[in-house]
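Below sits a lone chain in structure tokens, taken as the form predicted alone.
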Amino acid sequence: MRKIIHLDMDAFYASVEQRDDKSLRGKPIVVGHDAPRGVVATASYEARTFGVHSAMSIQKAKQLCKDLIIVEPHFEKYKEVSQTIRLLMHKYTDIIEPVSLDEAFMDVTENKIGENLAVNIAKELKNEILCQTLLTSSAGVSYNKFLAKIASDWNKPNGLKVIHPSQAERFIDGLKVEKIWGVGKKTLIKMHSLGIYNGKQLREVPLLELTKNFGKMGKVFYDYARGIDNSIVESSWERKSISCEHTMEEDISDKTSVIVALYNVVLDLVSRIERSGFKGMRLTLKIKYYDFTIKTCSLTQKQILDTKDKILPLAKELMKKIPYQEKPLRLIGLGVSLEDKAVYKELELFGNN
């Protein structure tokens, strides 16, 4: 039986800011850009009591919390803290799969300190992180990634939860389906229409019916409802894409404004490529219209796309496929990918807004 830990830092960006600035401690803060279309990257727990959460617009957050403090992000500082945490993890195992700067999976089935109980490793790691960074973290411990991930979010902040194989079915029975990986807004609506609200009800649905309604994800949901997840903790991770996106201050529909905005996104993308050393040959354009509908288009080249001179002409060609004169644009994004069929990944919420 595998022993998996999912470690998740508590309100990471906000906690780092409060740690480094005493005047912010105990106060409702969010990390993000204070702009008309800025988005909350992370909200402190004090802000969350007002209903403020990540992915919420800054303007909405201000409405909910009149005393809200907005802090500009300091990415390099977050990366430095993240690296410290990774080093502490490596004390126990090298089978580590980073998910983002503030969370990662660890496979401690066989570990460097010879500890049989994964929960003891989780306790020790949490304590070391607190001592070295003065930040709290939450950990979930189970026999697969799916359950470990859910467990880490169960008793936040500074939480620790273990889901033993013998407890899995009972735990899943009471689990709301929106907590299950892969259940987004549209899937949730469909599940509710089928009378599926929790893990127990999901487990009662035949595999054939799930695949009929949810395609390939039907089998995944079928397994999750039974506590099955055979995905491994992948310690060797290769970047497959790099991307960026800009949300305009105002919706734009004239050609000049669109080209200028596109040019700025290209410069940002090239800068990120230079810093990362990433090499890809497929360019993907993503746009979001004023009504929040999204459209993407891509093309593949036989050369590495790593400079403005290579990317800008291609970006302009892709933009010609986008009708925007009568349907203004809210957001423009670009990504370079290794994949033949690129799947555009939106930037983390602290990106340009």
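Numbers follow the displayed sequence, beginning with 1. What we label the rigid core is the largest C-alpha set whose atoms superpose within 1.5 Å from one form to the other. Remember, it's a predicted structure, so these values are computed and weren't measured experimentally.
In what follows, reference is made to the form predicted together with ligand DCP, a form of this protein that is not presented.
Quiz item: Only one of 156, 200, 74, 272 has a non-hydrogen atom within 4.5 angstroms of ligand DCP in the model of the complex; which is it?
Solution: That would be 156.
Practice problem: May I ask you to choose, among 41, 305, 315, 287, the residue with a heavy atom within 4.5 Å of ligand DCP in the model of the complex? | Solution: Comparing distances to ligand DCP in the model of the complex, the residue within 4.5 Å is 41.
Quiz item: Even though ligand DCP is not shown here, does residue 54 get within 4.5 Å of it in the model of the complex, heavy atoms only?
Solution: Residue 54: contacts ligand DCP in the model of the complex.
Quiz item: Going by a heavy atom distance of 4.5 Å, is residue 102 a contact of ligand DCP in the model of the complex?
Solution: Residue-level check for residue 102: yes, a contact with ligand DCP.
Quiz item: Is there a heavy atom of residue 45 no more than 4.5 Å from a heavy atom of ligand DCP in the model of the complex?
Solution: Yes, residue 45 is a contact residue.
Quiz item: Might residue 329 be said to contact ligand DCP in the model of the complex, defining contact as any heavy atom within 4.5 Å?
Solution: Close contact is absent here: in the model of the complex, residue 329 is far from ligand DCP, nothing within 4.5 Å, heavy atoms only.
Practice problem: Please name which of the stretches 54-62, 22-30, 316-324, 297-305 has residues with heavy atoms lying within 4.5 Å of ligand DCP in the model of the complex. | Solution: Going by heavy atoms within 4.5 Å, the stretch is 54-62.
Quiz item: From first to last in sequence, which residues of 1-25 have any non-hydrogen atom within 4.5 angstroms of ligand DCP in the model of the complex?
Solution: Contacts from 1-25: 8, 9, 10, 11, 12, 13.
Exercise. Indicate whether residue 245 shows a C-alpha shift of 2 Å or more between the shown form and the other one, with the rigid core used for the fit.
Key: Residue 245 C-alpha, core-superposed: shift of 2 Å or more.
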